Structures are given as structure tokens and as C-alpha cells.
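Just the one chain here, laid out as C-alpha cells, in the form predicted alone.
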Amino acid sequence: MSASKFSNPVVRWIDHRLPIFSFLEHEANEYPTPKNLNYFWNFGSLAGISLVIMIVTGITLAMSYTAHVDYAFESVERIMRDVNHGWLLRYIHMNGASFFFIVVFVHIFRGLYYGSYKAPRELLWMLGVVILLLMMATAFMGYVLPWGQMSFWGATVITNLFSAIPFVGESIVTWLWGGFSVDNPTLNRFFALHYLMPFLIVGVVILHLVALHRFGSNNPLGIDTRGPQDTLPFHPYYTIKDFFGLSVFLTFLAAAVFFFPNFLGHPDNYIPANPMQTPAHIVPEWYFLPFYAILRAVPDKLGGVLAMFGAIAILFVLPWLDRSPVRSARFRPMFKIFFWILVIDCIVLGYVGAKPAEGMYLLVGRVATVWYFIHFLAILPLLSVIETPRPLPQSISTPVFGGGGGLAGAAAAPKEKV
């Protein structure tokens, strides 16, 4: 865009030398977006806003936090009681982490349903999985910082998992701890990394956006845009939609912060860490529970660790497991059924992850774990061969302006490059 199109002389002068305003104008205003995006596409922008909220509140909290085993718990209590609006900042940060994961999980399942991982968006999807891994690492280290009972024992249990790695496992655990037990060096390095990693996430998010804008957004129909008739400028049409979604999101976040701030937490974390007293039941944060259930479902320690990390690693190769030429589940009746079974399976894993690893809970966890891997490794490749998709519309505009008609022939579906 030419700098002469800007009326402000200062903006014109800057943009002529550093075209940041032209870039923003193109990305936020002129960027062509499919005209049929629904509210599930709001969750991408909500994830970005959640990240900003977490960074701002985290930096502010770090100004009053003391990363030392003798003072960490007390410093958090001081933030809650003595620092001006400290209780508000901590509750926003604490509940904001949960809401961040809720938004990202919905964003991921939306991508699974509408086939946003398929060509040519494979790298876009893989960068999203990297963001999820970084979020999990950041959240885990942040959970250790209050130095309560669940913080200490959660850190002890999770870091000990690396000892299952043959030959080098013990050395890795010692390196993570900074010694021979979870102690002050562990807390110091977890604090440093927890502060640093959100900025690393920002960098990967920028790459995620670059990859998104390379081929544009996917859409509920899962077909490529055919020209200006299928697109709208991002602003004002989708900025208005995003602002409405943001208002709803902030309403729910405010309700959690002001009315039930500790609902998603664990009461044991309001007890100072005691290495001599193990809690009756060690439970991670709710967003780790499905992976925790997978870990416990395998009797062998190394096997459990491999299964837990494999549950995420399998998402990296998803674009090559699902070979169907049709993206959207709207046109894949069998895929849609198995998708909702997967959603239920993940909810079941989350439920049993919060229960003791014994009796019926252990059995259900093992069945749910096996189904999780069967879905990706067997069902998706099989559906790519046996499923007959419904006919696809000729364009995004066809169902709107053609009264839902004008469908391409079923034989033409594989040619859509979707």
C-alpha cells in the first residue's frame, strides 16, 4: 500500500522509511477472509489476547515475588494481602491460565473438526502443536512457583518421570533439579524459565500467523476461496465479531475471578510445601489430567512416559494420517461420528486423571488411552480409504446465494484440493 494513502503526515513519513503501517493496513483491513467463518474462528484471536493478559499480569506479579524456598509461599501471600490489587492480579493470572487452555483446546478441536491441518496448512498446524507444548511447559513451571504442597510434590513427580529414560534419565533429573532433590535451585530455574517462555511463545505465535496468512484461513466448508465473491475484508466484519467474542470471554473470566477464583485450583496448594509429608492424592492442574491419565494407564514407567508424550507427538503427523481429500467434517459423515467419540474419550481421560489410579478408574483410563491412539493410528487412515464424502459446494458463496444447491458431483470432490 502506498504511503500517500495515509492522511497523517507523521504516519506517511514513518511508513515511507519503515512500512509498518502499510503492513498493518494490509493484515488487519485489506486481508481477504472467507465470508463464512463462524464463531469457532474467534478462539484464535482469544488465544492471542489470553497470552497478552498472562504476560502483563505475570510481569507485574514477578515484581513482588521472591524465588526462594524460604520465602516463595510467604511472598505469594503478601501479594494477596498487602500489594495493591495483588489479589486481583494473581487471580487473573491463575484463572487466566485455565481460560487460556480452554480457548486453545477449543481452537485445536475446531481445527480437527474442520480439517485445518490438511494441505497446504501442515506447518501452520505443527506450529500450533509447538505452541501447545510450550504452554504446557510454562504452565507446569508456573504451578511450582507458589511453593505449596501440590506445587512441590507435582514438581517432584513430574520431573522424576525423566528418570525412566535409559542411561541418561538420572542425569537429566539431576540437571532439572539443580541438585539431588527439588529445592531452591529448582525453584530458581523454574521461575527464570517461566518468565522467559511466554516470550518464546510470542515468537512461535508470530510464525503461526505468518503461516496462516500464507494460504489464508480455512473455513467451515473446507474449500478454497474462488475469488472476491467468497471473501470479506478482515476489518470491520471480523474485528466486530472478535470484539463480541472477547466481551463474552472477559465476562466468563471476570465471573471466575470475582466469584469462584479457586474453583479450578487445589486446596492443598494453600499449605506450605513440606518435603516430609506426601499429600494423599497428587493431582496436576485440570488441563494436564488427560495426559496424566495416559501416563498412569501404562504399567511400565518408561512406557507411560512414552505414551504421554506420544499423545502430543502424534498430532505432529496428523496431516499424513488423515489422507482424505475432503477437509470439513460437514461432508464426512463417518469422520464426524468418530470425532465426537474422540471428544468424549478426551473428557473421560480428564475425569479419570483426577481419580485414584486403581480399580475401575484405572481400567477405564486404559481403555480410553487405547482408543485415543486407535483413533489417530487406525481409524483416520481407514476412513481415508473407505469413507465416501458428501458432494462439496462449488464455492463458498454457492450455499448462500444458490439456496444451498449447486453442489459439485461426488466424483469431483477429490479434485477440490481440500
Partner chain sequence: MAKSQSKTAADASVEHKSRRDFIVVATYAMGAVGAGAFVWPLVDQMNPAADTLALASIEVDVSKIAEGQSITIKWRGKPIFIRHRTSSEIEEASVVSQDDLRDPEGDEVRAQKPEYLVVLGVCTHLGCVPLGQKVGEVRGEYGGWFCPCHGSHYDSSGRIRKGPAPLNLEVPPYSFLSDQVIRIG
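Residue numbers count along the first chain shown, from 1. Here the structure is a predicted model, which is why all the values come from computation and not from measurement.
FYI, the form predicted in complex with its partner chain isn't displayed, but the following is about it.
J.: Does Ala357 reach its partner chain in the model of the complex if we count a contact as any heavy atom within 4.5 Å?
T.: No, no contact at 4.5 Å.
J.: Counting only non-hydrogen atoms and a 4.5 angstroms cut-off, does Thr60 reach its partner chain in the model of the complex?
T.: Yes, Thr60 is a contact residue.
J.: Does its partner chain come within 4.5 Å of any heavy atom of Phe243 in the model of the complex?
T.: Flag for Phe243 set to yes.
J.: Give a yes/no on whether Arg189 approaches its partner chain to within 4.5 Å in the model of the complex, heavy atoms considered.
T.: Arg189 lies outside the contact set for its partner chain.
J.: Only one of His85, Arg214, Arg323, Arg226 gets a heavy atom within 4.5 Å of its partner chain in the model of the complex. Which one?
T.: If I apply the 4.5 Å criterion carefully, the residue I get is His85.
J.: Please tell me which of Leu221, Leu89, Ala307, Met141 lies within 4.5 Å of its partner chain in the model of the complex, judged by heavy atoms.
T.: Partner contact (heavy atom, 4.5 Å) among the options: Leu89.
J.: Val56, Arg78 and Thr239 - do all three of these have some heavy atom no more than 4.5 Å from its partner chain in the model of the complex?
T.: Yes: Val56, Arg78 and Thr239 each sit within 4.5 Å of its partner chain in the model of the complex.
J.: Which single stretch, out of 89 to 97, 123 to 131, 293 to 301, 163 to 171, brings residue heavy atoms within 4.5 Å of its partner chain in the model of the complex?
T.: Contact criterion met by 89 to 97 only.
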